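Here we start with a single chain on its own, the form predicted on its own, put down as structure tokens.
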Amino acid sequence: MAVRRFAERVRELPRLGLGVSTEYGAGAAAGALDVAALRAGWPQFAQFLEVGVEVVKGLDGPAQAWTRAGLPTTYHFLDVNLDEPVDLEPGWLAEVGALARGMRAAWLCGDAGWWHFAARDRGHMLLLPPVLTRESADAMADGLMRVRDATGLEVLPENPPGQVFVGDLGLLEFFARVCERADTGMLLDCAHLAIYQRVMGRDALAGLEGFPLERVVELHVAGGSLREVAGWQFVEDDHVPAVLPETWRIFERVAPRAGNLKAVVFECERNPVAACLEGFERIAGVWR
């Protein structure tokens, strides 16, 4: 049986449009985004829901209600280090597949970094960037293919946030290698990329001219806050509604040029709807 390449497989993925993200308990916070209310009042901004999932927790009430209504979803993993073979245990893979099928998820995606040290543990949620080397990229690609084979769904790696990056590859070079070896698409997080570029002292758009944008299936846009500790300035990836200019520059460059772009998420899950509308409008204006 012939192996089907990404260029063929991606044509069969649905165009989900503009959506929002959530994770277990996010909607219970004071002032948090009510995804059902957003869908009712502004359906053009809630065309799908990206559900952050730890297998041991499953789905919370709002995510279950969305799923029961038969509305589109994606499955965003929060509990796997793709570059560690021991992490891809059969029991975990089986549960991921069952949850994803129950959600009727269009695909799997998630930050391709380190979610935990040592054994997977409930609620660990440590997220660090991967080591940016060829060996790490190849191990991540191999793990990604195992998850794809086990679940039957596309698996889109996402560039994680971070304040310290180690390795001899640039971030975009690293993920281009992962995508090529695994023959996969990618979730490009514009806010995370903007943070990386700032940390490395680069222009927000540096490296994009050589990146295979046809691999980008999904984009994330999120706000961030400038912080300072003991004279050290950094951007906190806190998903506030105020999106930094560098993030907008990346999104506005990539979105019109990514020929296989199927979905955009505005990550603003812990903020009231009214505070998020301007961001939704701008995203929609760029990506028609």
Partner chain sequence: MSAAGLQRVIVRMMFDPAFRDAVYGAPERALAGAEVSEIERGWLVARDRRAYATDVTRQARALLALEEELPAACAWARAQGVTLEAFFGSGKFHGCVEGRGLMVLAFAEWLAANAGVEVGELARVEGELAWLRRSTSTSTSTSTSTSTSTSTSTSTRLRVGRRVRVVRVRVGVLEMWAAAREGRVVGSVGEGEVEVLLERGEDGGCTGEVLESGLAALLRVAGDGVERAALVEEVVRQGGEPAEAEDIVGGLLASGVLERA
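Just so you know, these numbers come straight off a predicted model, no measurement behind them. Numbering follows the first chain given and starts at 1.
Here the subject shifts to the form predicted in complex with the partner chain, a form of this protein not shown in this document.
With the partner left out here, the partner chain still marks one of 95-103, 181-189, 110-118, 203-211 in the predicted complex; by a 4.5 Å heavy atom cut-off that stretch is 110-118. Taking non-hydrogen atoms only, residue 152 never approaches the partner chain to within 4.5 angstroms in the predicted complex. Contact check for residue 84: a heavy atom falls within 4.5 Å of the partner chain in the predicted complex. Although the partner is absent here, residue 145 is not a contact residue: none of its heavy atoms lies within 4.5 angstroms of the partner chain in the predicted complex. Using a 4.5 angstroms threshold between heavy atoms, residue 199 counts as touching the partner chain in the predicted complex. Residues 163, 164, 166, 167, 168 are the members of 158-179 with a non-hydrogen atom no more than 4.5 angstroms from the partner chain in the predicted complex.
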